[in-house]
Structures are given as C-alpha cells and as structure tokens.
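What follows is one chain in structure tokens, specifically the form predicted alone.
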C-alpha cells in the first residue's frame, strides 16, 4: 500500500467513524489537539490500522505519534521492517 493510499484510508476513517470534518484532516493535523481524539480513540485507530495493513501494532509503538503524518511514517517504518 502506498503512502497516499494509506493517507486516504486513514482520512476516510477519521471522517466516517470519528465524524471529523474532512477539511480538518491533513498530514500536519495533530491527533489530540486538532482532531480531538482521546486515548480510546487512539486505540480504535490502531485497531483500524491493523485491519488496513494486516500487521499487529503495539499501542506503545505509537506513543510518540502526534500527527496524521506521524501515523503514516510509522506505517511506512513497520512495512519496511516486514519486507
């Protein structure tokens, strides 16, 4: 899956499930401050990412993740580690 495809899927999920206005979602958007996600939302997002990528993620792998772009970076890193 390309980075652009992953971004589109994550954006769609944030808009559809968390009802975040599409214009607020960007790679620079901060998950907690800009998109108003909380810790439970973050766990839900990790579960969705696991479904999307068919990889298992540990919540601690995302502790330093602050923006949508950080999520994409983490997905890229994990994909490269699997290859």
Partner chain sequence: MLDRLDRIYRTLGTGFFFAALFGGGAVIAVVAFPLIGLATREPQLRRERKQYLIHLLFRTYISAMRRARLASFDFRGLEKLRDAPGRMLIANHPSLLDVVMLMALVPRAQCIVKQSLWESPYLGRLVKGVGYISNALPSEQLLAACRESIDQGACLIIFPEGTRTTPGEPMQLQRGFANIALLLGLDIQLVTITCTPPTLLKGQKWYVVPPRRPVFCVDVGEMLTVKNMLDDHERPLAARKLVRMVTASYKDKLANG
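Numbering follows the first chain given and starts at 1. Predicted, not measured: the structure shown is a model, and the values here were computed from it.
One more form of this protein, predicted together with the partner chain, exists but is not displayed; see below.
**Q** Kindly confirm or deny that 53, 57 and 76 each have some heavy atom within 4.5 angstroms of the partner chain in the predicted complex.
**A** Answer is no for this spot.
**Q** Mark residue 30 yes when one of its heavy atoms lies within 4.5 Å of a heavy atom of the partner chain in the predicted complex, and no otherwise.
**A** Contact with the partner chain, no.
**Q** Would residue 46 sit within 4.5 Å of the partner chain in the predicted complex, counting heavy atoms only?
**A** Answer no; every heavy atom of residue 46 is more than 4.5 Å from the partner chain in the predicted complex.
**Q** Using the partner position in the predicted complex, report whether residue 34 sits within 4.5 Å of the partner chain, counting heavy atoms only.
**A** Heavy-atom contact with the partner chain at 4.5 Å: absent for residue 34.
**Q** Mark residue 17 yes when one of its heavy atoms lies within 4.5 Å of a heavy atom of the partner chain in the predicted complex, and no otherwise.
**A** Because a heavy atom of residue 17 falls inside 4.5 Å of the partner chain in the predicted complex, the answer is yes.
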